[in-house]
Structure formats: structure tokens, C-alpha cells
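Next comes just one chain, in C-alpha cells: the form predicted alone.
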């Protein structure tokens, strides 16, 4: 685990508040402009943030008074990747109704085009409407139960991991004299048999810079938390108070240990909705008059100045004096780009002065940022050296 708390940011629509698009500062005419997404990620890069999370789903966002329509997060991340550096890129990937082969090669491709900064947030689709969108007819009642959804996600994660390993690191021999580009003995069939899918062959994408891009899970249910314990490198959770965060941390550590993994290799991040600046409370009141959120953003909320958010990060990530001892936070700016810029320009410098952010250059890969070694391929006859990146 890194020596300082991890700091991520979720970039969603015009911001975490559904009515954020109604503010001129959100520039609602360019919400789907790819240049806007490059600008937002570059802001996170300017602040030395660890990871950017790009949410999304199979269906259109459907919040009363909110933005309708989204770009595909994985494709957006792939567009942004070559135009940015340093910060990890973590798009949401819905595993329900999605062919795991396509998921695997797309995540591997993102890792290549980002030069080792890719992760992917595993999500499930709970709605009958989304099942209908893809024409899935084998789902009774139009939607799977929570346990079934995460069991299917577990199968997809297993297939993707096997695909990521299916090319050994030295499978490309590029022998000009013989015309042999690959060593076929170092490319392995996934050979997964499951329900409702089976995958027989290898990935079409060579092993990527990180080997296995980190898996992120938003653990918003007991089944999601159990999946996260088996598969995730980063788990993010909503929590209204320190006691809830402590309970999440203890439950996750117990489940990770029961899954035979080291709890110290799985980071737990708490979500924080942030309204920053001298007009933060007024903006919140104005947007709530348009689209009430019933003063409940679903997790802890900070409305106020940069020092207050820095205090919150210190308290929640500290393990002493009543702190929650979590490994970091995911900030959800209430209004983009206002609260993102304030996070980067005002909060991050405070965190650095308090020793809560690194002062050196970012790691070369997202796994490096998370303090994770590069894993050897499970098929490798001679394990690759851990810790390096191509």
C-alpha cells in the first residue's frame, strides 16, 4: 500500500449533483465534447491525483432533472489516454449482458494506449430495461437477482484475467529470418466453461504493460462486497460517518482474508461529495431548489472550504485518534469543473503540506501507484520478474 492516502476523483456528467448542468460554469453545451473530457482529466493530472473514475452503464442516465445521455466510459478513456499522463484511468465496465471476450480485449487495449495506466470498475446491470436493450430473453422477470449478477461478474472477471495472461510476456518473437512473429507455444487458450458463456481461445491482444490492469469495485451491496473481496484491487464504498467506514474496512479485511488474499493488497476508498469555495453552500441550495436531493447524497458530503476537506481526508484515512483508517478517498465533485479545480488547486497543496500526498512524480503504472507488483502470467513456464513494467 502507498505511504500516503490514495486520492481519486469521479467525473460524472456535469457533476455529482443532478442539476449541476444548469449552471453556466458547467458549460452544458459541451458535456459530450471529447475535448471537455480531456480537459477534465488533465485537471486531475495537474493535481497529481491517483485515478480518475468514469462511470456509466448500459442504459441512459435517468435521474429526474439530470443529464440524459452519456458517452461510453471505456471508449472515452481510450480517447483521453494518449493525451494525458500520470493519472490512472478507470472506466466503468458493465459485465452483465456483455461478452467477456470483448471486455477483456478492450481493457487490455486501454492499458496499451494509456501505457499502463488502465483499470476497470466492474459493474452489474440490475434493470429489466437494460436487459431488454440487449434483447436478452433468458432472464426471468427481466433482471437477475443480486447474487446471480455478481456470480456472473465473477465469471467475467475470471475470463478477463485468463485473457490478460493468455499471451506470455515473450510470446512475440518477431523473427525476421524465419518470418515467425509469435511463439505459438507461449500463447494459451483461456478454456473457460461457464453459464451462460464459454470462452475457448486466447486474447487477440498481447499482454499489456501492467499484465493485469487493476480491478475496482463499488461495493454497494453485500454481494458486491463479497465479489470485491475475491477480485478487487481497489474497493470504493459510500459511508455517511466514520463508524460506517470502520465497519466497511473490517468487513472487507475479513472477507479478503477468507478468500485467501492479503488484506493489505486491497485498498478501501470512501466516497466524498465535495462542494468547495466561498459560495459552496449557496450553490448547493440553488441546485437543490431545482432538483432536490433531500440533503442525502448517499455518502459523506463536504460543503465548505479546502481546509475542511483536507481535515476530512486526514481524519478518515488516519488510523489513530478515532480515524477510520481507510486507504484513501474518491472525491465526487458536485459541479464540474468548479469543484474539481478547487480540489486540485486548493485542497491538494494543503494535503501535500500535511504529508498526505506524495511530492514526487507519479508511478509509471496504476499498479505502481497502488503499490502492487506486476503479476506473472499464470501460464508462464518461467515467471516474469515482478515489479517491472514494459
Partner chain sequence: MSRRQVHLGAHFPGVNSTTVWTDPRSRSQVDLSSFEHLARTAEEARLDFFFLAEGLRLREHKGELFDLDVVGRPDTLPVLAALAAVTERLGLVGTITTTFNEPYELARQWATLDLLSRGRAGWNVVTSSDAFHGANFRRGGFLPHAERYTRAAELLDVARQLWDAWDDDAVAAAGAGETFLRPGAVRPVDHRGRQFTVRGEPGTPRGPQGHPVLFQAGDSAEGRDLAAREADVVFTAHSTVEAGQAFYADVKGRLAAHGRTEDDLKVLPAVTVVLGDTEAEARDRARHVREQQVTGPAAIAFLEQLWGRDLTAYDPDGPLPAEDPEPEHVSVTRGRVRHHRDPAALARQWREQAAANRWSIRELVIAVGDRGGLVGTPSSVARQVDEAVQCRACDGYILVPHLTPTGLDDVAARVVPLLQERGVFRADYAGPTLRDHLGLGPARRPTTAPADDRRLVAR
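Nothing here was measured: the structure is a model prediction, and the numbers come from that model. Positions refer to the first chain, counted from 1.
The same protein also exists as the form predicted in complex with the partner chain; that form is not shown, yet it is the one meant from here on.
Shown here without its partner, the chain carries 100, 109 and 184, all of which come within 4.5 Å of the partner chain in the predicted complex through at least one heavy atom. Judged by heavy atoms within 4.5 Å of the partner chain in the predicted complex, the contact stretch among the candidates 357-365, 325-333, 45-53, 28-36 is 28-36. None of 152, 233, 301, 169 but one reaches within 4.5 angstroms of the partner chain in the predicted complex through a heavy atom, and that residue is 152. When you look in the predicted complex, the only residue of 244, 85, 221, 198 with a non-hydrogen atom within 4.5 Å of the partner chain is 198. Among residues of the shown chain, residue 286 is not one whose heavy atoms approach the partner chain to within 4.5 Å in the predicted complex.
With a 4.5 Å cutoff on heavy atoms, residue 96 counts as touching the partner chain in the predicted complex. Heavy atoms of residue 68 reach within 4.5 Å of the partner chain in the predicted complex, making it an interface residue. Interface membership of residue 161, defined by any non-hydrogen atom within 4.5 Å of the partner chain in the predicted complex, is ruled out. Contacts with the partner chain in the predicted complex, taken as any heavy atom within 4.5 Å, map within 167-181 to 167, 172, 174, 175, 176, 178, 179, 180, 181.
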